[in-house]
Structures are given as structure tokens and as C-alpha cells.
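Read the single chain below, which is given as C-alpha cells and is the form predicted on its own.
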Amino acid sequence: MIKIRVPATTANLGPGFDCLGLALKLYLNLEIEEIEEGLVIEYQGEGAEKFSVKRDTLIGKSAELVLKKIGQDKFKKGLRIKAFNQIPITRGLGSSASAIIGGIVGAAKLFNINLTNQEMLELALSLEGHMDNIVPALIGGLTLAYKTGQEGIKWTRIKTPLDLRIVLAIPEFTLNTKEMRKVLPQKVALPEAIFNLSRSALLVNALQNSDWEVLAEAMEDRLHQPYRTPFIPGIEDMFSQIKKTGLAGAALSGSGPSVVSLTKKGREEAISKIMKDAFLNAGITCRILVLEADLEGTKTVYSM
């Protein structure tokens, strides 16, 4: 048996659409062991009511990808996977990416299959479709993912301030990621592209140098958020109030509906109140989480 943990992630961080991602200290925990035959998945925690015990969960599909890579005829037994999930699902916190990475890493570790990070990410991308969540879920920290001209996956880690705090406002409704991608335009005007390029560079520089005062501007976006925020009551007021404080930046977490704010340790309480009040004023109940960045990525916590 092995036990692994996979972090939640928050992607885009405003201007870094489909490329920037940050791993969070909020986890999907998996126990994986051999059984005589079949694939059995037991699911507890966040989202348990939505998942039945069946083969077509993302965790199961991901594990099977690894077995297919080495040839199914070489493996005659089965798998039991127990999932203990802390990550809210369909809230923009990388729950799908954590399930995919967990299934791939878990199966590879259990059967001593030597896969590189590159190989695991390529398998994950075949299920996830974009890289911004799967890269930090695997390697941890703040990451920049991109593709080469040959569509190969590349990434780099960006220095993450140790006093960074991540405040999440998680509303009690969901948004479908695929549907939220459909509302985005296929072409953007040059001024909007320039705006996002400048903000992305500013955000990376601000985090590397702990320049907290520019985060409000650095997390602005014109590529995706203007098309998604109409589906989230109260968010425009939230963004405005946080920007006025000068204490933090705020953005949609992934495609939403959760909102992420990046701030310096000691400022979390003020930001949390703004976020909660903005949603309440719009008639939306939400949870507030204050987290640190996960710098380890997917980790084996027990192996026998």
C-alpha cells in the first residue's frame, strides 16, 4: 500500500491565463493498494455525494493510463483506491487536476514504474486539456507552464514568498469549467493582450520581490475575467473594495466561482471580511479559507 497527498491549486491568478498556477496547502489524500481483480474506488470528504464507486472517475482513469503505458497484459491484479478529499469540487480549485495527478503518481509509485515529471504531465494533459493546474499539483509552489513549438510541455518554478497568504472565498454554488471556457472570445484586441502581458510580468516580479503594494494592479485581467464575472454576483464589488485597501490583489480562482486573494501575512483578516461581506451583500453564502502555498507538490507520505 502507498499513501500520497496532492495539493489543491489556484490557476490564472488574474492575468496568467492558462499558464500561472499556485499549489495550496489543501489536499486530496489517496491510499492505493493491490487487490485480486478490478478497480474499486472509495471516496470520502468534499464531493463524495457526487461520486459513485465506478471505473470512470478521474482517479481511476488516470491510474489506468499508467497501466496502459506499461501494457495491461503485464498486470493481472486490481486496484483499490481510497480517496479522502479536502478540495471543494467544481469551485475553481483544481480538484480535477489533483485527481488526475493523484491517479498517475499513485499507480506509478505502487508498481515502481519510473516515470519522469515530463511523462506524468503528458499523461495528465491528455485528460485535463490545459497545464495551469496540473503542473503545480505535481511539483508544488508557484509555476509557469508553457508549450514549445512542437507542443511539448515545459515549466518553471517561480520563487514564492514565505509570508504569502492565500485567502479564498468559496461560494456555495458551482460553475462548469467547460461551460466557462465557452464564454471566452477566440480573438482579443491588441490593447487587451498588451494589458495582460504587462500585468503578468508585474505579478511575477511582485511575488519574487515581495512587492505587496502592486499586487492589486498586478492581478488585473482583460482576457477572461470580464466574460466570467457576470456569472458571479458580488465579485465586482469585492474586487473594487480589495483594490481600494491596497493590501492585496484578487482574481477568479481558475474559472471560478471561487475568488483568490494574494496578500502578506498579517493582512488576512481584513481581506477575509471584505470577501465574505461582498458575497453576503449579493445574497451568496461562502466559506473563507486562509492558506499557505504548498511547496512540495505531490508527496508520498507512506509506502509499504
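All of these numbers come straight from a predicted model, not from anything done at the bench. Numbers for residues come from their place in the sequence shown, where the first is 1.
This protein has a second form, the form predicted together with a small molecule, left out of what is shown; the following refers to that one.
Q: Among the candidate residues Arg80, Arg181, Arg222, Arg165, which is the single one with a non-hydrogen atom no more than 4.5 Å from the small molecule in the predicted complex?
A: Checking each option against the small molecule in the predicted complex, the one that comes within 4.5 Å is Arg181.
Q: Exactly one residue in Thr174, Thr177, Asn117, Thr229 has a non-hydrogen atom within 4.5 Å of the small molecule in the predicted complex; which is it?
A: Selected option: Thr177.
Q: Can you check 153-161, 130-138, 83-91, 209-217 and let me know which stretch has heavy atoms within 4.5 Å of the small molecule in the predicted complex?
A: The contacting stretch is 130-138.
Q: Looking at the partner-bound form in the predicted complex, is Leu22 within 4.5 Å of the small molecule by any heavy atom?
A: No, Leu22 sits far enough from the small molecule in the predicted complex that none of its heavy atoms falls within 4.5 Å.
Q: Would Glu292 sit within 4.5 Å of the small molecule in the predicted complex, counting heavy atoms only?
A: No.
Q: Does any part of Ser255 reach within 4.5 Å of the small molecule in the predicted complex? Heavy atoms only, please.
A: Ser255 belongs to the contact set for the small molecule.
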